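Quick heads-up: it's one chain on its own, the form predicted alone, in structure tokens.
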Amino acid sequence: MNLKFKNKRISGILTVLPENEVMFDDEIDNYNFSKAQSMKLKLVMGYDKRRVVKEGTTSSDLCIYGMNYLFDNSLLKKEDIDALLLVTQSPDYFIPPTSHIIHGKLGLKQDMVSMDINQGCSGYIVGLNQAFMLLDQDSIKKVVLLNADVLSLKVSKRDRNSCPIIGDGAAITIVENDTSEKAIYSSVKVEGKGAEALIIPAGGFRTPSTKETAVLQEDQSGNLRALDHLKMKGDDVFNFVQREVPTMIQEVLQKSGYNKDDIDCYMFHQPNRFMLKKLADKIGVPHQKMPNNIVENFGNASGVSIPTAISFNLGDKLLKDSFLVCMAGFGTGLNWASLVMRLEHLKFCEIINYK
């Protein structure tokens, strides 16, 4: 599905990452593989260090910390927020929505929209689309888009397929109306038949967690995980991305009227270095235009990886300069989404540590 928006802009991006850092080398002994095999994988995939929360820290904790940072530094006013969107697959509770928890702890006004959106790897694009739609309402002038996930708590430390990838984090993006006539182009697609390629089999109402679902089982590749843990079919996800994403990028660029060389930066979801290099090659863009350095520095915090890539690779440049950016997210769902827009003259674009 193709979408188009006008008179909308991103005015600020804040990424909040846990201070706690875990090194890939320190976890090698957890896996049923030789050290040489693991070190080869590290080199190819770009594994090194990742940020993970300490036990007891939730998605709302990261978001509230970041929001208070913005309030305390006069970068955002509580009374200006007309809508609060939280995109997460690791809510604090089944009930109530975690956005309501955040709303209450921050003491925000009653007259506003507050909702959770259950999306993963493409969640940043999906959340931006929802924010743009809300801004079409006369009563909504400013939307706070929160993306947060703490999925490291749902990954087996004996699973080399997933553990080295997953990090935690949150991002706060301020989206508001703009007088500019610059258009924003987006594409969203879904293939629910591939849902089991990325799944946590137990813990929901379909298969509640029990003692049995917590038992580690070894798969054919030598990874150990329980039904309560994230299960990723890596080959299926890789093939899906290489098959579907280049076509989507070609379509959204065609709709926007730009060609691939017009784009300054391709800020994509960050699964690993290998996948992104292959994707850049297939799309036909230089590797330096598509940064692949988030997993090696912070880990992959699902949809949070896109704003993290923007904050880490562009940061202060966005306060004064202008960049035509193509964003894309792909994974859980299976879902894939892209967006072409100009990022310029942001009020803030930075990374802070959650302590």
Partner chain sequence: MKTTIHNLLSEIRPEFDFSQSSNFVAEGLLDSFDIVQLVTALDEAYNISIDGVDILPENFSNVESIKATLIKNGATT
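Since this is a predicted model, take the numbers as computed values, not measurements. Residue numbers count along the first chain shown, from 1.
Only in words, not in the display: the form predicted together with its partner chain, which the text now covers.
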Q. For the spot marked by F238, R243 and K282, is every residue within 4.5 Å of its partner chain in the predicted bound form through some heavy atom?
A. yes
Q. With the partner removed from view, which of 323-331, 64-72, 298-306, 30-38 is the stretch that lies within 4.5 Å of its partner chain in the predicted bound form, judged by heavy atom distances?
A. 30-38
Q: Considering only heavy atoms, tell me if H229 and its partner chain come within 4.5 Å of each other in the predicted bound form.
A: no
Q. Does N161 reach its partner chain in the predicted bound form if we count a contact as any heavy atom within 4.5 Å?
A. yes
**Q.** 4.5 angstroms heavy atom contact with its partner chain in the predicted bound form for L319
**A.** no
Q. Would Y258 show up as a contact with its partner chain in the predicted bound form if we use heavy atoms at 4.5 Å?
A. no
**Q.** One residue of K141, K109, K182, K278 in contact with its partner chain, assessed in the predicted bound form (non-hydrogen atom, 4.5 angstroms)
**A.** K278
Q: Give, in sequence order, every residue of 209-227 that has a heavy atom within 4.5 Å of its partner chain in the predicted bound form, or say none if there are no such residues.
A: none
